[in-house]
Ligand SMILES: Nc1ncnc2c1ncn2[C@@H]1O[C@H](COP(=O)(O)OP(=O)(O)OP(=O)(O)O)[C@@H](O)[C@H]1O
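Heads up, the chain below is alone and in the form predicted on its own; it's given as structure tokens.
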């Protein structure tokens, strides 16, 4: 069942809850009043107030930079507010640090993973709360606790599995299980489905509904408005550090949420026909362990091609092999009549193939370097001067040009890229490879953790690349994104291309059935 398909069922429960609340409003479990926070030159929060009630899913909605992360960091104790009060059960609290937040019953699941890969699942879940017996670590109790926490999410992962062996989506679910292991009264989920496939997302939604029924107060932060409308009871909308409104979501639409968030009728991406040209990159009988079992495909100039499927079906490995990040066990990758020998990403880059993975902060940006350096790093050789020095003026001019072309918003090209929103970081990475004159762009989950405004902007930039004669390949688990953006869709299932279709031939329901293998192509 897709997110949209389940919306009606969830909404009926939500409306019932909302109606009961309207008749007899419950006292807030967590009250935030007049919250304010300033950083040098920036007002992050200005007089923000909201109530979080037990047994309620409360969405926190806003563009990147609206103040959502600052609210979360204050609730976690990582930041201290400059103004305002927080009450828990009516009692004022000053949350000193993350340990104090946990002791108060406030657990945060961040978008960025914090697991230790060299430890097992059970060890990560018990970290800082290890059970002991007669002064020794009680491994049996630790594993039992882990199985209980995993079971709350419907996960079938052995507690003794090293985290390093888990997929990104599995690690995200372990982060959530880790938060649940502390039995929180308030659970904050920051973009929890960003790395998840449809099946894992549905497991998460089921867990959220169970927690709501158990009286847990849940703060849900997501740029995916279909999820917000399907799962959440109320929403607080932030804009530029101030609260726009807190409202019941009954009767709201994605378009209305978007308009309230951005403050005006949002400029949306509307697809128009593109014309595919010659083959720019082709894969023939690619194989990689049991994950990819003989895949052949062609990416053409002037088109955007999507690979989609259930998590772990092999689409990520296909993309990484084509981008040089994984070495195929067998098969060939062709650029025209030339067979590419890809020993690593640098070989792909030399052939004009750029890979942007879903791990933007770990495998994309250079966080401590400036925006200018991040954009220019892949094309330094093009601006070499005497004695091998870079022509600084040329570099600055080129960087400013592509920042303008790709809509990268920053106070200066010299600001650290880590200070930018996720959407601006992603646009900067695409600009990097355009400046390096890449011919084929391969992007895994291109709008992960990106707000609705930046998402539409990224779609327009990818559309412009395709119209300019580039080949664009995306791997996406976001079915509305696939149906909105691309020309052709390849459904990957169990390591093979199970179906090929187009957005004109399917809707979200049919595409989801094709992905699950429940309907013929």
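Numbering follows the first chain given and starts at 1. Between two forms, the rigid core is the largest collection of C-alphas that superpose within 1.5 Å. Predicted model, so just to flag it, every value in this text is computed and none were measured.
This next part talks about the form predicted together with this ligand, which is not shown.
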| query | finding |
| --- | --- |
| 4.5 angstroms heavy atom contact with this ligand in the model of the complex for residue 32 | no |
| Partner proximity in the model of the complex: residue 314 to this ligand, non-hydrogen atom cutoff 4.5 Å | no |
| Residue 161, heavy atom within 4.5 angstroms of this ligand in the model of the complex | no |
| In the model of the complex, residue 191 touching this ligand (heavy atom, 4.5 Å) | yes |
| The unique member of 413, 105, 77, 422 whose heavy atoms fall within 4.5 Å of this ligand in the model of the complex | 422 |
| Heavy atom within 4.5 Å of this ligand in the model of the complex - residue from 466, 491, 486, 66 | 66 |
| One stretch from 174-182, 115-123, 246-254, 68-76 that, in the model of the complex, holds residues within 4.5 Å of this ligand by heavy atom | 68-76 |
| Residue 322: Cα shift of 2 Å or greater between the shown form and the other one (core-aligned) | no |
| Core-superposed comparison between the shown form and the other one, residue 307 Cα displacement 2 Å or beyond | no |
| Core fit, then residue 279 C-alpha moves 2 Å or more between the shown form and the other one | no |
| Cα separation of residue 461 and residue 422 in the model of the complex versus here, shift of 3 Å or more | farther |
| Cα distance between residue 422 and residue 472, which in the model of the complex differs by 3 Å or more from this form, closer or farther | farther |
